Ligand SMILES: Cc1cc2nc3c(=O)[nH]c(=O)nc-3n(C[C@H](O)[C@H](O)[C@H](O)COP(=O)(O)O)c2cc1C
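One chain follows as structure tokens, the form predicted on its own.
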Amino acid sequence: MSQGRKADHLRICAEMDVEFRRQSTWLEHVRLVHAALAEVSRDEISTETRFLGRRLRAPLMITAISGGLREAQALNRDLARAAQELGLAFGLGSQRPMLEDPGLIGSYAVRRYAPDIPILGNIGLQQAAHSDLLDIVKLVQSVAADGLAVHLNPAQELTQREGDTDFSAGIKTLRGLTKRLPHRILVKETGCGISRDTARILRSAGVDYLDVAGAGGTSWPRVENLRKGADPAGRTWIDEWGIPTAASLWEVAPLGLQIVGSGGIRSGLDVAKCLVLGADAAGMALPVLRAWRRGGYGAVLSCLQDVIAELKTVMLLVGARDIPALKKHRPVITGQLREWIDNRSRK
């Protein structure tokens, strides 16, 4: 992978308008029901949960941002430190550069900063399909990760000049990975969401964890178009492509998988809505990257603390004293999300 491409990705995401404009997450169509008689003290509220066999103090993951660059070494170190301080999960960026140059391990080796939290390695499904799977397993082992995120990004690949267009060996590759890393594979999209049919196929391949990474947050086709010099004021249809985060969560929730809700998560209220829709944790990337660019480790810590504090406020307002109670909350679904559910339920 070109180091210039990764540097471009970080710069564009930190500095330019890379989010969906016409398409939202549809989380605004999830209305939580106020409990005027909450019968719980805010100090009693617990946000603890478990993920990848480890305890989390809050159901939140810093999802994949970057790796393989000198700047990414400081970024990943500070994000891992913040995740350790707050008891959150942490997902590394793509380790494809390590396949090409094992000497780049420095920007990924963050376990010494975060000894107690779940850490996920990362590789694209296309890169895994064209590699020896034992080399992929070594990527996980080399950074002492708890599991491996395998990312799906066909819309992004199709937008890159140098992108991969062969998506034919995905299921075979995933079956091989789940045999070599049983109960340690998380499959994640990159901003376009995952449908129920796709989730069923992934489950049949032995995948236990999904990150829906739905539409409404960062649009990676837009990032690639901006990288190619597209007019920042313009939009193409593929910039707005995908299943909104809330709809994707509804799609995959009934299948019994461990689910991360990401894609446009910007607040503790968004986190709560993801959990109500069936997620076990929520993921954030762009706001964390931009906080780091503004003020390093301290700004990241403050950003995430605010999200967790808001999550606790929401939990009190719906009368949920812990995460299992929050996940039992029955929201009111309105608008386009209701239309999606009604249409998909008839199929």
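The structure presented is a predicted model; accordingly, all values stated were derived computationally and were not measured. All residue numbers are counted from 1 along the displayed sequence.
The form predicted in complex with the ligand exists for this protein as well; it is not shown, and the discussion that follows is about that form.
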Does any heavy atom of residue 319 come within 4.5 Å of a heavy atom of the ligand in the predicted complex?
no
Though only this chain appears here, would residue 278 touch the ligand in the predicted complex if you measure heavy atom gaps against 4.5 Å?
no
I'd like to know whether residue 213 contacts the ligand in the predicted complex, with contact meaning heavy atoms within 4.5 angstroms.
yes
Can you tell me if residue 218 lies within 4.5 angstroms of the ligand in the predicted complex, counting non-hydrogen atoms only?
yes
Which pick from 159, 122, 126, 76 sits with a heavy atom within 4.5 Å of the ligand in the predicted complex?
122
Identify, from the list 284, 315, 307, 27, the residue with a heavy atom within 4.5 Å of the ligand in the predicted complex.
284
Please determine, with the chain shown alone, which of 198 to 206, 166 to 174, 231 to 239, 184 to 192 has non-hydrogen atoms within 4.5 Å of the ligand in the predicted complex.
184 to 192
Need the contact residues for 90 to 115: heavy atom within 4.5 Å of the ligand in the predicted complex, sequence order, or none if there are none.
93, 94
